[in-house]
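Heads up, the chain below is alone and in the form predicted alone; it's given as structure tokens.
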């Protein structure tokens, strides 16, 4: 049973991101490098936010539970803000690198567009975020122990996997929208991404009240997915053309 829980939760949490990596990134060495670098930038933000939180914990009264909870909330929101700062820093780095690649190419064009970099960088952020969120939970799912034996929720592992899935995809969508906002100097777009990231982080603090956190998070994920689709150049006409072509291919076969 523990193996079934382990593999089931792992496939739920990382199945979509793994599929995106295999089908859209793995065959292009430049995209792989951008994804790994994006994951590294997320790790740097985690390191700095963890350091600040650790210092705050050590400097406070460990017996004051309300203070400790307040520091936990502070750490969560500070980490979100730091992640977005590092996302902007990574955008600036990629923009400079893209200009350099275009300058040395024969036709003055880069091998990868800014929209493609935004998608790959966002997925890098998401995969690393998901890995740190889920790896210890997956380890615990192998046992020994029984979930909920002391009255806690029996859906802890599955809800953690669903939340990890949502956050991984959200980071991908946020990356696309954030880069688009930076490219066009639409600061309200950047503010919206940061605000929604803070909102999702706040909703996660409602756990183990999963019915209060998961539905809103998935609603935000769907909203961001639509926004990212249009930000990356998608349109209703392109969707209609895709559906028409698929229908024609199905009829011909």
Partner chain sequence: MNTSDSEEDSYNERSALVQSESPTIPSYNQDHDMSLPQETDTKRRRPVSSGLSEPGPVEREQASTPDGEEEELTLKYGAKHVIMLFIPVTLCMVVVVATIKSVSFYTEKSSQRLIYTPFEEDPNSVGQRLLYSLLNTIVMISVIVVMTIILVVLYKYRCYKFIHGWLILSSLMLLFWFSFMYLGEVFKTYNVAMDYPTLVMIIWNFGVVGMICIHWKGPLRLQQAYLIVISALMALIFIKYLPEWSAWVILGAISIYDLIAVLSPKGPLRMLVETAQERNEPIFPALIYSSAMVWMVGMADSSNTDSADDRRRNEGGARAQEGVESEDDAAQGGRRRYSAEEDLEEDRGVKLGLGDFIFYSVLVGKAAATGGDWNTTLACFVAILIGLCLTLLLLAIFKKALPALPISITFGLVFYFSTDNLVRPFMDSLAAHQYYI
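Numbering follows the first chain given and starts at 1. The structure presented is a predicted model; accordingly, all values stated were derived computationally and were not measured.
The same protein also exists as the form predicted together with its partner chain; that form is not shown, yet it is the one meant from here on.
Participant: Name the single residue among 177, 170, 117, 163 that comes within 4.5 Å of its partner chain in the model of the complex, judging by heavy atoms.
Facilitator: Filtering the options by heavy-atom distance leaves 163.
Participant: Looking at 56, 220, 201, 192, which is the one with a non-hydrogen atom within 4.5 Å of its partner chain in the model of the complex?
Facilitator: Selected option: 201.
Participant: Any of the heavy atoms of residue 75 lying within 4.5 Å of its partner chain in the model of the complex?
Facilitator: Yes, contact at 4.5 Å.
Participant: Contact between residue 60 and its partner chain in the model of the complex at 4.5 Å, heavy atoms?
Facilitator: Contact check for residue 60: no, nothing within 4.5 Å of its partner chain in the model of the complex.
Participant: Using heavy atoms and a 4.5 Å limit, would one call residue 83 a contact residue for its partner chain in the model of the complex?
Facilitator: Yes, residue 83 is a contact residue.
Participant: Taking the shortest heavy atom distance, is residue 227 within 4.5 Å of its partner chain in the model of the complex?
Facilitator: No, residue 227 sits far enough from its partner chain in the model of the complex that none of its heavy atoms falls within 4.5 Å.
Participant: Given its partner chain in the model of the complex, answer whether the residues 17, 89 and 238 all have a heavy atom inside 4.5 Å of it.
Facilitator: No, the whole trio is out of contact, none within 4.5 Å by any heavy atom.
Participant: Residue by residue through 179-214, which ones have a non-hydrogen atom no more than 4.5 angstroms from its partner chain in the model of the complex?
Facilitator: Residues within 4.5 Å: 197, 201, 204, 205, 207, 210.
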